[in-house]
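Quick heads-up: it's one chain on its own, the form predicted on its own, in structure tokens.
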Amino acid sequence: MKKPDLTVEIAGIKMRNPVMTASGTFGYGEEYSSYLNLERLGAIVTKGLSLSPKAGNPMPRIVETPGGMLNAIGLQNVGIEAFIENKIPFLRTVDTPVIVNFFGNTEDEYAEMAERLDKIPEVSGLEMNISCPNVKQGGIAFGSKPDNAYSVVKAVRESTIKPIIVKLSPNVTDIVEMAHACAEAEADGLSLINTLTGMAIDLQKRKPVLANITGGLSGPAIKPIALRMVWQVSRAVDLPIIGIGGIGTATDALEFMLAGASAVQVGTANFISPGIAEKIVHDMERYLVENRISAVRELVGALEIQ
């Protein structure tokens, strides 16, 4: 059997394989360059970016939990200017698509970020983090109500011609409803899921472990929830889906593809094994060979319900 075809296309972005890195777990790419070959990845997704530098939340802001971890980093990042000046030069040398995760506190900030990123040729696509609080609406997250999601995605759509991938929050009543809103606003793809809200308590101190009190739960513990949501959304909207949540092996990744994802992102597992994304690519290819599957795309949505 000849070498299997791992290539996929997400929202017009052509990738050599479906394995990407998840925002917030891979820095801006260069930080991991000594641990794996970045040109073996399908795409690099950068740490979330905002108009101005952001210091993030006070310490402690990460805690290990059974089956995962809680983080309350607070979207710390260098800001768009430093990204262009200090991060783009390295990314320019890597032959792998770069997708920039970004956010804002108002619709205008989202639109301005999209407009700025639209002008950077090294950026292949934009991933919108809509789990952020809308300061003009009392802090309610853009991604918690369909109307808010539609409005902010529409504002970004009008500000860029680059592919827009919306990262959905699982902390909603109906994620399918949120997906429909993003599709109607002309998003090009969806990433799901973002972290689940959780907390950890120090029994001896009788205090929360995180300074922020609550944080986002990621890692293997959330995989079943993520799989369920990817499956639900893939059956409801006609957009490519990127699966995220507890992916640490090729088996995990392929399960997400069976559920309907066209690609996946590896997140928390990067902290445990910095070269894990490349290993997942290798093991995925081996699985296809062993099972005589000619193209990984054949597995997308191939889950047998009955």
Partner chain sequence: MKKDEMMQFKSMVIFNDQISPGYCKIRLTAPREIVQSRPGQFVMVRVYDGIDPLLRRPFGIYDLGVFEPEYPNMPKQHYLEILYKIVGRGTGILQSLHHNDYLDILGPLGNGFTMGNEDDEKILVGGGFGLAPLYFLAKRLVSVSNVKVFIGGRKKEDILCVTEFERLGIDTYVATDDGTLGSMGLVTEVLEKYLSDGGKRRTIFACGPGPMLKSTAAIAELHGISCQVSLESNMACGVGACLGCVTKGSSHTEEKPDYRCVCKDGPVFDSRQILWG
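Positions refer to the first chain, counted from 1. What you see is a predicted model, and the numbers here were worked out from it, not measured in a lab.
The same protein also has a form predicted in complex with the partner chain, omitted here; what follows describes it.
The listed set 44, 69, 281, 254 contains one residue whose heavy atoms approach the partner chain in the predicted bound form to within 4.5 Å, identified as 69.
With a 4.5 Å cutoff on heavy atoms, residue 17 does not count as touching the partner chain in the predicted bound form; it lies far away. The partner chain is not drawn, but in the predicted bound form it has a heavy atom within 4.5 Å of residue 76. Contact annotation: residue 40 falls outside 4.5 Å of the partner chain in the predicted bound form, judged by heavy atom distances.
Among heavy atoms of residue 198, none comes within 4.5 Å of the partner chain in the predicted bound form.
Proximity of 102, 110 and 216 to the partner chain in the predicted bound form is absent: no residue of the three has a non-hydrogen atom within 4.5 angstroms. Taking the partner chain as it sits in the predicted bound form, the stretch 25-52 comes within 4.5 angstroms of it through a non-hydrogen atom at 25, 26, 27, 31, 32, 34, 35, 47.
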